[in-house]
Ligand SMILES: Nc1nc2c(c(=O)[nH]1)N[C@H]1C(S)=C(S)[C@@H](COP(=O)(O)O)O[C@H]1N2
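Coming up is one lone chain in structure tokens, specifically the form predicted alone.
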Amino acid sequence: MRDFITPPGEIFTIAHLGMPTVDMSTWSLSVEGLVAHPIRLNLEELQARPATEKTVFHECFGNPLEPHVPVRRVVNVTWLGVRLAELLAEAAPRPSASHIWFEGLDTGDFGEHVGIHYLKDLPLDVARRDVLLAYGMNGAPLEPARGYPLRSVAQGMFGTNAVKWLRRVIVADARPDHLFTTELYNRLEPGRDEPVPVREVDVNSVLAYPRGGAELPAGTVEVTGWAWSTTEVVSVEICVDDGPWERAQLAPRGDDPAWQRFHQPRRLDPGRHRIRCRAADAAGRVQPEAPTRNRVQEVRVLVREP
């Protein structure tokens, strides 16, 4: 996790239903449902439209059956594609439309559910604002494992909302009743009485160096890492052992919703040490120390005599 843009070989791959084989001679993307003008486009037609490039962090929510267990699986990548808003403007959703359903080609069994497609949904206004339909990643075409030929990218949201091997965008007047929408990937948030869909990411940070279990020479160590949220991260603090929290230097987010680098030089004497980091964002959210999925991370290192 040393690079601002995550190299392809270090990007995680998650597929609940397995990776499909895509026949490009028949593949197309359809925009259908409650629209005045349905659209069907092949990859060449999509690539002929005005392209948008965005650098976006991409975080896995983790096991939907364990929504409070941290996985800290996150990358930062540059996507190339077409803004969904442009296709929706052309398709013209009807006045009753309120949601967008994204359906992938991946099909399989999941527990007692047999032969289902991967399906996610977003409110129409959110999809218009935040979704890119990507056919490229980090300057290259999507690889098969990354969702070739097309995937949705929902910026600022957990990876479960980014549907790979996308084949249908359905405009609807309600949420779909489906395993991956109303059954799994829902959680109870503070201040709420009912579970809500897993969408917007939490404020979070991760230590890139030193790594847990590392053995280091005594002296000054440059503690580094990455922080991200739905809005700009405004501060990151680092704590060594039971000492005070001290503010690290933090890079600004910039125009794209990318992660932000933080670093702080710390002197470590010989012995065993615990290093922690916590981020706060512009919305006033701070990483908690309570047992939540975005709780403060800590690593333990051994510092030897020089």
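Just so we're clear, the structure is a prediction, and the values are computed from it rather than from any experiment. Residue indices: 1-based, along the sequence shown.
In what follows, reference is made to the form predicted together with this ligand, a form of this protein that is not presented.
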Q: Go through 127-135, 171-179, 143-151, 229-237 and give me the stretch that gets within 4.5 Å of this ligand in the model of the complex, heavy atoms only.
A: 143-151
Q: May I ask you to choose, among Leu43, Val35, Leu250, Cys60, the residue with a heavy atom within 4.5 Å of this ligand in the model of the complex?
A: Cys60
Q. In the model of the complex, which of the listed residues (Pro210, Gly81, Gly104, Gly225) lies with a heavy atom within 4.5 Å of this ligand?
A. Gly104
Q) Going by a heavy atom distance of 4.5 Å, is Pro93 a contact of this ligand in the model of the complex? A) no
Q) Wondering, does Arg199 line up within 4.5 Å of this ligand in the model of the complex on heavy atoms? A) no
(Q) Test of understanding: in the model of the complex, would Thr160 fall inside 4.5 Å of this ligand by heavy atoms? (A) yes
Q) Quick one: is His16 in contact with this ligand in the model of the complex, heavy atoms, 4.5 Å cut-off? A) yes
Q) Using a 4.5 Å cut-off on heavy atoms, what residues in 179-210 are near this ligand in the model of the complex? A) Tyr185
